[in-house]
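Just one chain follows, in the form predicted alone, and it is written as structure tokens.
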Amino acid sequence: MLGFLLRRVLWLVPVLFTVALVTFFLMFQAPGGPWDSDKPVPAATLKNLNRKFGLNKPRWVNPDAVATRWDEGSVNPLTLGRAYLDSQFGNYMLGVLRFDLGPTYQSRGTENVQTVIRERFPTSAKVGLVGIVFAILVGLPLGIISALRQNSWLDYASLFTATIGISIPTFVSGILLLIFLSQNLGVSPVRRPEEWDGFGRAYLLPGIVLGLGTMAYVARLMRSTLLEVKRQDFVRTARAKGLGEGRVVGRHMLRNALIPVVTVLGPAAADLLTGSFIIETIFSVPGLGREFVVSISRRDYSMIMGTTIFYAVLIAIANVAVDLSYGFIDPRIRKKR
């Protein structure tokens, strides 16, 4: 198990490097820059800003810096290597290795990306946690009941609920809930900024809306996998041995049916925890998802790179956790490792 964990952790290095490389390449394909505004920036100010944030250097590699070091007589391989990587991408990746995601361009360097993530991510994580709990507590029972009562009215009701949850986009369901609560119940779902400081009922409505799609998908996946397991020979054998229905379902059917569901829940949990720009915008949630999309429109390159790598790390960790959970659900998988 330890060797398996070590291999999976080492695989995260090329994955994260590839994510950073693709993100860096794509964000520079968009027109504009971080200093664009309605009022033109003077050329001297623009030059100073580019020099301050390293945007005056080449994007990928810097052969001119190597030539300068060579002319100065500094021919140490380590020195030449650092000079060659003295570029925008190279310097950013070196900063990532030092756990430094750089300053945000919109704050002109007065605020770091780590500070923004540290302040914004807990709010998104709380909304996502409500969504995960809702998806599990509602989706799993719906799928189980639907499979065990196949072709009954409970099955049809569960399928109808899951279909509605998958079919309706979150921005539609969120707006409909806002209209319904405000016009019919006289409740204002829009919260004051101080209400997001704790972990109260302000997170309930956006979390439920965020978790609707995941809940529906979990319910449908649980139903299909449980129906497949239900027809297996070992289930019929367990019933023939005289085991009670609760024990057959709990110990034999659910443990085998949960593996596909856990596979989906890992990345889905990371996705919910990182927040949703649409939900955070509708419910005025001061989370990281909203900050990430705003940074794209502002061409805040360091913020784009920092949040993307942060999201990639969360998803990668979730996938590793899913792989490890397989061994606890099915002992046969643990023995193969």
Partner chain sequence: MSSILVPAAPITAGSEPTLARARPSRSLWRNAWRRLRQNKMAMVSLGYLAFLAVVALAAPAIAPHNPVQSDVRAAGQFRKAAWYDDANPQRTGSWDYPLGTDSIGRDVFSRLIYGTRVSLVVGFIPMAVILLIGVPLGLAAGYAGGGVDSVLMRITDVVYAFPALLFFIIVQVSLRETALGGLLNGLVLLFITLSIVNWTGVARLVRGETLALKEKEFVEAARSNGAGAGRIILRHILPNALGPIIVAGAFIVPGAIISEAVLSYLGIGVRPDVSLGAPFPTSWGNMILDGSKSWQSQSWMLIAPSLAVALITLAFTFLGDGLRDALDPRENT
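Positions refer to the first chain, counted from 1. Not measured: the values here are computed from a predicted model.
The same protein has a further form, the form predicted together with its partner chain, not shown here; the description that follows concerns it.
Enquirer: Where does its partner chain sit in the predicted complex: which of 98-106, 114-122, 165-173, 129-137, heavy atoms within 4.5 Å?
Expert: Partner-contacting stretch among the options: 165-173.
Enquirer: Please check if F160 has a heavy atom lying within 4.5 Å of any heavy atom of its partner chain in the predicted complex.
Expert: Because a heavy atom of F160 falls inside 4.5 Å of its partner chain in the predicted complex, the answer is yes.
Enquirer: Considering only heavy atoms, tell me if I315 and its partner chain come within 4.5 Å of each other in the predicted complex.
Expert: Yes, I315 sits close enough to its partner chain in the predicted complex that at least one of its heavy atoms falls within 4.5 Å.
Enquirer: Answer yes if any heavy atom of A321 is within 4.5 Å of a heavy atom of its partner chain in the predicted complex; otherwise answer no.
Expert: No, no contact at 4.5 Å.
Enquirer: State yes or no: in the predicted complex, is some non-hydrogen atom of I296 no more than 4.5 angstroms from a non-hydrogen atom of its partner chain?
Expert: Taking the distances in the predicted complex, the answer for I296 is yes, it comes within 4.5 Å of its partner chain.
Enquirer: Under a 4.5 angstroms heavy atom criterion, identify the one residue in N91, T237, S224, T263 near its partner chain in the predicted complex.
Expert: Flagged contact: S224.
Enquirer: So which residues in 12-28, when you check its partner chain in the predicted complex, have a heavy atom no farther than 4.5 Å from it?
Expert: The stretch 12-28, when checked against its partner chain in the predicted complex, contributes V15, T18, V19, V22, T23, L26, M27 at the 4.5 Å heavy-atom cut-off.
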